[in-house]
Ligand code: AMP
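As structure tokens, one chain now follows by itself in the form predicted on its own.
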Amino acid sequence: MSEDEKKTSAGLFSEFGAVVAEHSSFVIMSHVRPDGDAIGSQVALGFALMAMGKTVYLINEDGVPESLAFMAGSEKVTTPPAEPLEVEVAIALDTATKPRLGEKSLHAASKAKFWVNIDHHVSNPAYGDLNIIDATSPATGQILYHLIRELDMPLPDETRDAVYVAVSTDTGSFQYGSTTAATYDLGADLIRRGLDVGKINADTYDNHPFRRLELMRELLNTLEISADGKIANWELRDAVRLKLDLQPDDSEGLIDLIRAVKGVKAAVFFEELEGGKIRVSMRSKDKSVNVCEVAMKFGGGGHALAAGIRMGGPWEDAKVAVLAALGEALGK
């Protein structure tokens, strides 16, 4: 981060501090089908604000995934209530576009008079009244860590652990190219503050249900590699989801298996959703291949090396179109 960017972040953090000082009630949300950065960020900021005596509601359209229920404080994250909450401020975390929060969450937050948008997606259009967006940060959790430290907010154990889960999961356990020196400094500081790194890593990465292994077998049977060996893709049809009784987060991180194949520069995961919609996840391990630009052609977005799309069918037409666009990007 340049000195100018640091000054800009400090100014935005100060503005957020003023919002916190001037208001007493908050609703904190994250995107549908939440991952570790989404739920971890909610818990991290939520417990910091609660420790300040604020009234805080944590809601997510889909609730907490089974794989993240081990997190201390995650039980505070609930699905949205039917009636709007009596809150002054709505905070959206790790959510590139406002509709990605979900209709029920947006309804629950509809009485809020002020919106804060904290995110690290380069495609975020800045939909808040206050926007703290840092596309150079590997995780929203890392932005929140610096915000909490900069404003000298409380950092209870739940916040400490949640920040680690948020950052670790969005950096591939500190492996992705987006990981910075500041990321490692963050991890070291959290360990000094009492984080049990061995236990939390085991809970995060070594505690999967057997159906995830069954899913992997099904996915491998659909694996395709392009003729030049640069694009790998596999697919999950709705019939398989029903057969294995899959949960939305069972496939989390599996795309990295095919991204890791020697010679592959980009990986694609096609997933059929209820109602015929198609979820497309893309990963690149070559900075010359910007999958966010490809995703944006279909109304999606994300990061240069990790992006996603939700699109209509028919299935085969969608698959051909996405792979052709990705192949064109590789050709450039």
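Numbering starts at 1 and follows the sequence shown. Keep in mind the model is a prediction, meaning the values are calculated, not measured.
Missing here is the form predicted in complex with the ligand; even so, the following discussion is about that form.
- Screening 48-56, 61-69, 22-30, 278-286 for residues having heavy atoms within 4.5 Å of the ligand in the predicted bound form returns a single hit, 278-286.
- None of the heavy atoms of V264 is located within 4.5 Å of the ligand in the predicted bound form.
- In the predicted bound form, the ligand lies within 4.5 Å of some heavy atom of H121.
- The ligand is not shown here, but in the predicted bound form it comes within 4.5 Å of a heavy atom of A96.
- The ligand is not shown here, and in the predicted bound form it never comes within 4.5 Å of any heavy atom of L12.
- Contacts to the ligand in the predicted bound form (heavy atom within 4.5 Å) from stretch 305-329: A306, A307, G308, I309, R310.
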